[in-house]
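What follows is a single chain, given as structure tokens, in the form predicted on its own.
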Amino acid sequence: MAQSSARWISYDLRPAKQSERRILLDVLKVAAEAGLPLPTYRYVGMGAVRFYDFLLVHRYLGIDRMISLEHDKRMYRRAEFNAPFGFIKVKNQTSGDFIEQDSFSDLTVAWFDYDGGIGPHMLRDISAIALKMKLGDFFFVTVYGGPPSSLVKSSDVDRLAWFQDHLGDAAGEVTIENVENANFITAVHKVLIAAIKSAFAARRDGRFRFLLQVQYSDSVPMITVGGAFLADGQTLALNKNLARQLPFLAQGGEQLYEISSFHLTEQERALFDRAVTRTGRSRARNTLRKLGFRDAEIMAYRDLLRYVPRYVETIV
């Protein structure tokens, strides 16, 4: 069993990851506005020892029934100690064991934020949870977007063969160009989309609606894909609200949205704030261009204005 990434990764300062969390929360808030009773749901995630997503889900959505999965036995003790709320149940289980043993009788938001790269166990989890989810349930999965450690030194031909041998039909659309280092996240994305579509294809009582497909990198490439299992009637208001409130996600098709990382001083950030919130010609925008910032960076900041975190250094 692999060790938890919380042993060696500090999750304190990950601005792109924090932006992803906030975007996912807004997707869920839009769903609540469309009539889904989010405060009555339970949240199932992988809180490690800091529980950032748990804190945000409770604060912004009002969910107060939560389960955190920790497969690492040593980290499990730390996770239990660090759980910020009494209503968080920390379970020393893998995601696969949890899915097998849980009844999923309650409405659920599940976010499986895996430690490692794409692998067969993730596809097994997707297939298993698709059989248990009820109408109105949400499921998101986050995976490392680079090659698994076993493929780092492999040739592209061997990588493609590994995909076909280990990931089966879900790898059917993956090409040899996709498994190159520069494009590997495309291969991971194709596999996740195909696996989710295939897993839910047999369900006749509803349809899985993709709500979030993003990539980001604070230090390594990551990808998050997910959505909700809904009846046709539930999707109409949700689609309309998503297009209005998060237009940068409403791209149609299966295109990944890249969450940009911004490395700005406070003065530069103040310029960005003014530049993207004024219409027409802007002195702030012209100043940013003189400083070397491109229009594409300014437009990306406009999309993420509400989601980019601000960190403050305190010297004691």
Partner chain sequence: MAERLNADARPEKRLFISLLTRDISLVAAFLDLVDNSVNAAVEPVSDRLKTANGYQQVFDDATVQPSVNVYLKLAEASVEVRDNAGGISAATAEQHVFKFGRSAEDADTRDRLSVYGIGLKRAIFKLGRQITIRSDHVEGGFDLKLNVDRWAADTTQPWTFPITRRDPVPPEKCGTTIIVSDLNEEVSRRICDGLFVGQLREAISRTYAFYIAKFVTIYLGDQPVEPMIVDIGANRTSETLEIDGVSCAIAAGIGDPQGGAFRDRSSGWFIFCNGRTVISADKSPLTGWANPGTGLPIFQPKHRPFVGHVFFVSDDPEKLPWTTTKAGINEDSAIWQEAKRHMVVVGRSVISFLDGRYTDEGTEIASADLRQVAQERISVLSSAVSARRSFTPPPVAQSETMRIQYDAKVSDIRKIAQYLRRPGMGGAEVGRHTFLYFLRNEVGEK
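Computed from a prediction, not measured in an experiment: that's the story for all the values here. Residue numbers count along the first chain shown, from 1.
Unshown form predicted together with its partner chain; subsequent notes refer to it.
Asker: May I ask you to choose, among D232, D106, D169, E100, the residue with a heavy atom within 4.5 Å of its partner chain in the predicted complex?
Answerer: It is D169.
Asker: Among H71, R207, K132, R124, which has at least one heavy atom within 4.5 Å of its partner chain in the predicted complex?
Answerer: Contact residue from the list: R207.
Asker: Can you pick the stretch from 180 to 188, 143 to 151, 83 to 91, 197 to 205 whose heavy atoms fall within 4.5 Å of its partner chain in the predicted complex?
Answerer: Checking each option against the 4.5 Å cut-off leaves 197 to 205.
Asker: Can you tell me if L236 lies within 4.5 angstroms of its partner chain in the predicted complex, counting non-hydrogen atoms only?
Answerer: Answer no; every heavy atom of L236 is more than 4.5 Å from its partner chain in the predicted complex.
Asker: Taking heavy atoms only, is A243 within 4.5 angstroms of its partner chain in the predicted complex?
Answerer: So A243 does not count as contacting its partner chain.
Asker: Answer with yes or no whether T175 is in contact with its partner chain in the predicted complex, where contact means some heavy atom within 4.5 Å.
Answerer: Taking the distances in the predicted complex, the answer for T175 is yes, it comes within 4.5 Å of its partner chain.
Asker: Considering only heavy atoms, tell me if V220 and its partner chain come within 4.5 Å of each other in the predicted complex.
Answerer: No, V220 is distant from the partner.
Asker: For the stretch 146 to 165, return the residues whose heavy atoms include at least one within 4.5 Å of its partner chain in the predicted complex, in the order they occur.
Answerer: Residues within 4.5 Å: V157, D158, A161, Q164, D165.
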